[in-house]
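Quick setup: one chain, the form predicted alone, written in structure tokens, and binding and motion questions come after.
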Amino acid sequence: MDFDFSPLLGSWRFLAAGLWLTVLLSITAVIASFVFGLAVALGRLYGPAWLKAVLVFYIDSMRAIPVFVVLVWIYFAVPIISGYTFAPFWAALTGITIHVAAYVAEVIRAGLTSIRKGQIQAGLAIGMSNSQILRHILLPQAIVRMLPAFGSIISVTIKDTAIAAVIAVPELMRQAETLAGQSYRPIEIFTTVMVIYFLIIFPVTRLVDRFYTRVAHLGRS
């Protein structure tokens, strides 16, 4: 079998545009998921009973539905129901955010509830409000404890962006599929894409793990 990487060399700008969109979608989805997930976690922990029930249903639903189905439903079904059409990028961002935020919320909830109740009682005893206890006692320790799980969520989110190809988002995987169809060189192209994803995700996970190793003592109580 002969390998020919000339289609990649001749179309590197085409793939680079897809790579840029993958990076943009990944960063935006990670930030949006963490912000939304934090709000969901706090609502589940400190909100009224009716809100907790709604958020539990949302979390369990997202964990029971594949992200592929969520993206396809938002892109194809929402316009029929609401009359509003999402651009492919925004449909992908919305779907990935809604899906990943459910996992982020559970990680944050677990991190906050892992702090010993004695520290909360001590904060109340010295006159701290619930919000002050959250900001100054719970979150600083919980964030450190959550770092390994956050690293996994970041890597999963980056990988999930490849699914956006099914709704025509011109990210890296979509561009690779187009180029492979035009050049009839799927082995060379998809192998290159696999290496690119590895070069993006592996350093991210190692960086998070190394950072956690350095600050792990701050999460002990």
Partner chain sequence: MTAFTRKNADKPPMLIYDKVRKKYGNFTALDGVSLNVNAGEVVCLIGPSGSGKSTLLRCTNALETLDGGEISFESRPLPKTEPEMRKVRQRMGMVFQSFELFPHKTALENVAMGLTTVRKMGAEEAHKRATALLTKVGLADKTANYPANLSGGQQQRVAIARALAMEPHVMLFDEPTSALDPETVGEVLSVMRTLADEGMTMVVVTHEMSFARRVANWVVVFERGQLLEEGPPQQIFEAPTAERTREFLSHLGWNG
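Numbering follows the first chain given and starts at 1. From a predicted model like this one, the values you see are computed outputs, not experimental measurements.
Absent from the display: the form predicted together with the partner chain. The rest refers to it.
You can rule out all but one of 73-81, 87-95, 103-111, 136-144: in the predicted complex, only 136-144 has residues with a heavy atom within 4.5 Å of the partner chain. No residue of the trio Thr178, Ser183 and Ile187 has any heavy atom within 4.5 Å of the partner chain in the predicted complex. Looking at Ala122, you'd find a heavy atom of it within 4.5 angstroms of the partner chain in the predicted complex.
Contact between Arg214 and the partner chain in the predicted complex is not found at the 4.5 Å heavy atom cutoff.
When contacts are judged by a 4.5 Å heavy atom cut-off, Pro7 does not count as touching the partner chain in the predicted complex. The shortest heavy atom separation between Met128 and the partner chain in the predicted complex is within 4.5 Å.
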